[in-house]
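Let's start with one chain on its own, the form predicted on its own, as C-alpha cells.
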C-alpha cells in the first residue's frame, strides 16, 4: 500500500476509555480530524463496572455501561470516528506517524495513547465468572457496596494494604490473604496493626487462594490452602490487589520510553519521548487510576495536541 492510499488523520487516539473519548470530544469540537481505535470494549474498564459512584455529576451514581455509552455518543456527535481493531505498532515518518493496525496502516500527525491498564488476575476458578458480581479490583470504585459486609482481600503488597485499610470504613471484617510473605512497607504494616487489634482485619500469610465460590446472587466463599491445611472464608465479596499491567506492549520497540513496569513516561504536557506521541489515563506512569482523573488527563492531552498540531513547540522530555 503506498502512502497516498493510507487513511490520514490529524489525530489517532488509541483506546476508547474515558481518557481517549474525552480527548476526542475536545479535539473534534475544534475540527481536528480524529479517529479513535479500540481493541476491546468502548468505554474501557468503566464500561464493565457495574455502578460508578465517584464520578462527578451523578448524585445517585451511574451504570458504567451508560457512562461509557454517553461518552461515545458525545464524541460521535462532534464527529469522532470510532473503529474497533488493534494497533500493533507505531513508526515515526516525520510529519506523520504510521500506525500498523489489524485493519491496515493509518497515518496521523499526532497520536494519543490511552490504552489503559488491566488488573492482574490470580487465575483461579470463579475469578472471571464473578467479575463485577462479587469480584472486584478497585476499592474506591466498589467498596461502598459492602457496607457492614464481610470481605476477602487478596494480595500482600502496598496496594493490598492501602486498599484493605480503605475498605475498613465499609466492611464489618476483612480477611487479607497473602500468598507468601508480606511485601508492604513498614509504615503500612504498622498502620494495619491498628485494624488488626480492633478485629477489623485478620491477616493470613502463606495462604494461597484456590477457588472463589458463589451462586446466582454473587460470591459466598473463598477456598484457600495454608501449607497442608484447607481453609474456607465466608464472604460477601472479594477484592484482588496484585498489581496492574499497562497495555503498552505495542510500544516496546519504539522511542517511547516506558518505566520499569511498562507504564508510559510523559512530561507535564502529556507528551512522550517521541515527539507527537502523547499519553493519558491509566497507561501513563503516575496516573491515579480513577475515571475522573483519566477524563481530566484526556482533556489536558487534547489541548496540548492542539498546540502541537498548530506548530507551537512543546519541550521534549529529557531521556536521561
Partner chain sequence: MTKNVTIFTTNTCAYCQMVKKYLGAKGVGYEEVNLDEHPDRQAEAMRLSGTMTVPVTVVTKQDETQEVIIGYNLARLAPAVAA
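We call the rigid core whatever largest set of C-alpha positions still superposes within 1.5 Å between the two forms. Positions refer to the first chain, counted from 1. Predicted model only: the values in this text are computed from it and were never measured.
Another form, the form predicted together with the partner chain, is not on view; read the next lines as being about it.
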Candidate stretches 251-259, 279-287, 24-32, 39-47, one within 4.5 Å of the partner chain in the model of the complex by heavy atom: 39-47
Single option in 140, 159, 101, 168 placed near the partner chain in the model of the complex, where near means a heavy atom within 4.5 Å: 140
Contact residue in the model of the complex, chosen from 120, 225, 133, 109 - any heavy atom within 4.5 Å of the partner chain: 133
Distance check, residue 84 to the partner chain in the model of the complex, heavy atom within 4.5 Å: yes
Proximity of residue 72 to the partner chain in the model of the complex, heavy atoms at 4.5 Å: yes
Touches the partner chain in the model of the complex: residue 147 (any heavy atom, 4.5 Å): yes
Exercise: residue 274 in contact with the partner chain in the model of the complex, heavy atom 4.5 Å: no
Residues within 4.5 Å of the partner chain in the model of the complex, restricted to 101-116 and counted by heavy atom: none
Per-residue C-alpha change between the shown form and the other one, residue 215, threshold 2 Å, rigid core fit: yes
Flag for residue 139, CA shift 2 Å or larger between the shown form and the other one after aligning core: yes
Direction of Cα pair change residue 140-residue 44 in the model of the complex, magnitude 3 angstroms or more: closer
Distance direction in the model of the complex for the C-alpha atoms of residue 19 and residue 128, relative to the displayed form (3 angstroms or more): farther
